[in-house]
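What follows is a single chain, given as structure tokens, in the form predicted on its own.
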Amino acid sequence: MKALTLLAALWLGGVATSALGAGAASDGQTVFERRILPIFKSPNPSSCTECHLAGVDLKNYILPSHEKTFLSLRDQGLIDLANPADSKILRFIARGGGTNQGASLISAKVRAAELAAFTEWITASARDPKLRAAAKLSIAEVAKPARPVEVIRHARTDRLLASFEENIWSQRFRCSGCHSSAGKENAKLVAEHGEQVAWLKDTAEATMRYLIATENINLKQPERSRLLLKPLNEIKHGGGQKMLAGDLTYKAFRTWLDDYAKTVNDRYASAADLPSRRPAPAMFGTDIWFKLNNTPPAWGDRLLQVTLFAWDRAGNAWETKPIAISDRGVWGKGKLWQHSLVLLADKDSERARLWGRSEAGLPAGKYLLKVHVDVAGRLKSAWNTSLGEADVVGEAVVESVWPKGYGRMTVVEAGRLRPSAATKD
């Protein structure tokens, strides 16, 4: 209703301006008072929130004064005096189409009304030779958002989606069997528990929209989000415990959730506050299963990570970057660890392009296996740290054709592991 009130004010302002006649309509001051000030005075968010989660609103660029608002926009390069209709501020308003579910009340009609108001006002004001020639405002007089441009850019919904794709969508293979409509167990689970089971949608954007719109994210305590608590089995999960605090999927989910909560709550005040972006490899989920048999008691119920390195024939050595990885808790009672492998490749590499075009798989051959175990349970409290050389419990050369399917997993006896060169005394 409030959004419609603002729309009505902008529309009526346009009608009133037109009714004044051609001479009055060309007066930037008149247009400003009738069409721009209602935006400035409105308590409602502007169309900026369609593409920005926080940090910026259209009214941040408006001052009570017609002249100073024009000069402020001009001095920031947001008004094109040579071609006013192509001014940058107009392109920003017109862009729209963001993925911000929270901005659903901002309709296309409101954005169109804002665009029409600013277009008319800028066009009229740009004809005023005094405004065009006026001296620049002081830095203190310029109207702009309080947050720096780096923070504003970080809060864009396209950046949010890119982070979601990297951190959550890339991990979907751990959940797709039950929570995607294409999963083998999904139809049965939906019939038993309802449509909310199928939270993995056909695309990353649709999935993100669904999670934001439902009760899966806790903005006050992101670490208590349902998206984390269910696979941790802290909230009863039909599939049992699917992740441990500090494992690869937990890290990825938590990274996105923490950042999303801080962004929406406008917690980033400066560029230095923003999370550092670490270069991450492309990830490819597979149905290649790997098993460690007869694990020792000390590993029981601890997080175990396996890492595979391919043989570099040209360099006659093991590759320095892993080609596959996986982690999960050891089943202490059964003395075993098993999970499907995730393949890794540098983004834009030939290997990544190959796996992106077809179903990813490991070529038959020998690989160096390194096994890390969080014996002390360190990652449970320090989730954003990684297992390092101190956590390596052994390594072995493994040769396999790497078949796909749970019933055809590659099995290695834990007793085959030997101390790695890096951990030998």
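By rigid core we mean the largest C-alpha set that fits within 1.5 Å across both forms. All figures in this text were calculated on a predicted structure; none of them were measured in a lab. Numbering starts at 1 and follows the sequence shown.
Form predicted together with ligand HEC: not shown, discussed below.
- Using a 4.5 angstroms heavy atom cutoff to ligand HEC in the predicted bound form, none of 73, 87 and 281 count as contacting.
- With ligand HEC left out of view, the stretch that reaches within 4.5 Å of it through heavy atoms in the predicted bound form is, among 256-264, 325-333, 192-200, 281-289, 192-200.
- Taking the partner from the other structure, ligand HEC in the predicted bound form has no heavy atom within 4.5 Å of any heavy atom of residue 129.
- Remark: residue 239 counts among the residues lining ligand HEC in the predicted bound form, judged by a heavy atom distance of 4.5 Å or less.
- For the chain shown alone, residue 93 is a contact residue for ligand HEC in the predicted bound form, at least one non-hydrogen atom being within 4.5 angstroms.
- Within 4.5 Å of any heavy atom of ligand HEC in the predicted bound form lies no heavy atom of residue 339.
- Out of the listed residues 369, 58, 360, 54, 58 is the one that sits within 4.5 Å of ligand HEC in the predicted bound form by at least one heavy atom.
- The partner is absent here, but in the predicted bound form a heavy atom of 149, alone among 149, 162, 139, 146, sits within 4.5 Å of ligand HEC.
- Using a 4.5 Å cut-off on any heavy atom, the residues of 168-189 that reach ligand HEC in the predicted bound form are, in sequence order, 174, 175, 178, 179, 189.
- Annotation for residue 76: C-alpha shift of 2 angstroms or more between the shown form and the other one, rigid core superposed.
- Core-superposed comparison between the shown form and the other one: CA of residue 118 displaced by 2 Å or more.
- After superposing the rigid core, the Cα of residue 387 is displaced by less than 2 Å between the shown form and the other one.
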